[in-house]
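Here are two versions of the same chain, shown separately as structure tokens and labelled structure 1 and structure 2.
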Structure 1
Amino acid sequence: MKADGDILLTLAVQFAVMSLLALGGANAVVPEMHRQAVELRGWMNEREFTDMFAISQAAPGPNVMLVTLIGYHVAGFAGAVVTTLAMCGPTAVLAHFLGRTWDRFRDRPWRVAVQAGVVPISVGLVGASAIVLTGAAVHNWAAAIITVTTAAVAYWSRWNPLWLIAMAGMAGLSGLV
């Protein structure tokens, strides 16, 4: 897509709003990224979105790289810069100005209550991300079996996840998925 002003403004507004909702990190708003990029705007299809998510998680660096990949896909280099700044900027500014105030009230009961309330919200948002990504990635029975098996092994064993990724990659190379 062409990196014109309308697209860049849309990217900036959408990702700036998402940044303020990203309790638990960028992965907490993956369902909204998916909804915006795939369902509402049609910037990409399900497969492209899940591929970008997989690349952003496999590559070294912060998990916010998904945002950069979406921006690049939609509007090239300018889109990558705009989405990354929009996702990181508002929360950085908010943290800068609220950090000292938040620390000043560390022993107050309301602060303890707020922190305790944010934990289930962030866990729920990350769980919703897992559900959306699973729905987008599972497109046949083999993919469903691999997804369920990987989740079970990751949860109940101490295996390094790289082994699971390697096995799933081999299944993909062999044509199962």
Structure 2
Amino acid sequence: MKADGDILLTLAVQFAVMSLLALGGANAVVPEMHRQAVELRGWMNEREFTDMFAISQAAPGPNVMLVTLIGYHVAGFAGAVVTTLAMCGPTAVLAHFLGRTWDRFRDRPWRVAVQAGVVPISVGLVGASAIVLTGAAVHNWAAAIITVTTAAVAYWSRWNPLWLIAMAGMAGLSGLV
């Protein structure tokens, strides 16, 4: 929890690089965050990582705020500020510039090819997140049933996901999982 300069610099670099690789959004880099935070650097254990992901899904606001939780866990308030800025800053600058020029290339063949090539990768990355998170969160049959049920209801209905999260939390609280 102590925030020395080295750890803050590491956080800043790691998360800035990760944000630029996050094709398809924050969920695309969950496995990389897991690899860095749990496997390589030992900032937290598997359970803490899954907890933080669950909190980031349940709390209001965009999913990317998972990085705020990780930053706080690693280096307190300063860590939270650093990871949030590193994850949300550089690509916002990129978006500002591309937002002005991208329209001009609307019909260029290379733009169409880039877009067609990147979209399946970004979906594959979110697929990898699903694999990593399911592996980390599902340790018994009850948890597996919750995962499958939530996925099915979220896929086939238009329920607000928060209801599903709330019900799963109740199931957990009542000792079912």
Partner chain sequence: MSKPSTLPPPASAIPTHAELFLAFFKITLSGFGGTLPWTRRMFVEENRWMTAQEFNDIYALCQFLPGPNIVNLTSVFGSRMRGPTGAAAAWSGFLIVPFCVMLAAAMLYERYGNVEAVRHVLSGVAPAAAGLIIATVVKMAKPMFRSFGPAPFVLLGTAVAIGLMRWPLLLVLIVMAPLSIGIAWWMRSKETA
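So that the term is clear: the rigid core is the largest set of C-alpha atoms that superpose within 1.5 Å between two forms. Owing to the predicted nature of the structure, the values given are computational and were not obtained by experimental measurement. Quick note, the numbers are simply positions in structure 1, starting from 1.
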| query | finding |
| --- | --- |
| Panel number for the form predicted in complex with the partner chain | 2 |
| Rigid-body hinge position between structure 1 and structure 2, taken from Arg47, Gln115, Gly89, Ala130 | Gln115 |
| Angle through which the smaller rigid unit swings between structure 1 and structure 2, given in whole degrees | 16 |
| Thr149 CA shift between structure 1 and structure 2 in angstrom, with the core used for superposition | 4.3 |
